[in-house]
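Presented as C-alpha cells, the chain that follows is alone, the form predicted on its own.
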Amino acid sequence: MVIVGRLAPTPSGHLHLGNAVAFVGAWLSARAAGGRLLLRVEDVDLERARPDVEAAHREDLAWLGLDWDAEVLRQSSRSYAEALATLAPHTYRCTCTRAQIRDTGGVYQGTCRAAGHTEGAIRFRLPDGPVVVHDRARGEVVVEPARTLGDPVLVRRDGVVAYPLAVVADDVRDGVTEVVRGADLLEVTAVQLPVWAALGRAPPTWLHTPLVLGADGRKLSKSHGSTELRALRAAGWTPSDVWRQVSPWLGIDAVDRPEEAVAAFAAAAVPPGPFTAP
C-alpha cells in the first residue's frame, strides 16, 4: 500500500516553531516511507482565511525544504453534502449558545440530543465511553471525548461546515492513509474516529508530534510572535537553524538538512514532549 500523508495548513495565522514540528513530522513520515504527500489548504472558514497568510505559508514551507507531490482541492471549493447525508443517522440539531455551554461547565452536555429541533447547528452524537487512539509513538491512548469535549459541531448555525466534518471528509476523499499533527489535537482525533466509523471507512494511522511551549509555559500561538518562522528569518535564522532546532523534538539527532533527517526518522522514536521554544 502506498502511504499518503498530507500537509494541511489553515491560513488564519502565520507558522511558528510548533507548526514547523508538525509539518516537518508529516513530511518526514511520508518521505521516509517512500509515500506521497499532499497539500490541502484548510480554508473552510472563509471569514478567518487570509490570502496573504496562505502565501506566507507556502513561502515558509518552501524555505524549510518541504515539498509535496500534489495539491488537492482547497476546502472552500468542496462540497460536504454527501458526507453529511451519510452521517445523518448520527446527527441532531442544537440551539445551545456558547454562553449556555460555558454556564454548564464549558463542555457540551448533549442538551439537545433528544430535543427534536429543526434548526440550529448540526452536531454529531459521540458514543459514550472511551475511544482508543493508536498513536505510532505513544501507543494506545484512551480518551473519553463525549465527556471531555462533548458532541462536536459538524455544521455551524450559520451554515459553515466545521472542522470535525471537513477534515474527515477531506481525508476520505483524498485517500489519506496517515495523519501527522500536533499533540494538542490528540483528543480531537478521538472525536474524529467515531466520525470515520460512521462514514464506514477505515481511519488513517496517527502520529501526534510534541507540543512546543513558549517561555510562559503556554502552547505556542499568535501571541508568541517571535517564534513565527518569518520572524526567525528576519532575525537571521537559516533553514538549517530550524532543522537543528526541531529535529531533536522529533527524536532525531540535530541535523542541518531535510535529507539527513529522512534517513534518521522513526515514528516510534518521536518523544511525547512538550518542549520549550528558545
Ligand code: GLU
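We number the residues from 1 along the sequence you see. The structure displayed is predicted, hence computed values, not measured ones.
Keep in mind that the form predicted in complex with the ligand is missing from the display, and what follows is about it.
The listed set Y108, Y92, Y163, Y80 contains one residue whose heavy atoms approach the ligand in the predicted complex to within 4.5 Å, identified as Y163. Comment: 180-188 is the region of 138-146, 96-104, 180-188, 153-161 lying near the ligand in the predicted complex, near meaning a non-hydrogen atom within 4.5 Å. Among heavy atoms of E42, some come within 4.5 Å of the ligand in the predicted complex. Contact annotation: V167 falls within 4.5 Å of the ligand in the predicted complex, judged by heavy atom distances. Among residues of the shown chain, A8 is one whose heavy atoms approach the ligand to within 4.5 Å in the predicted complex.
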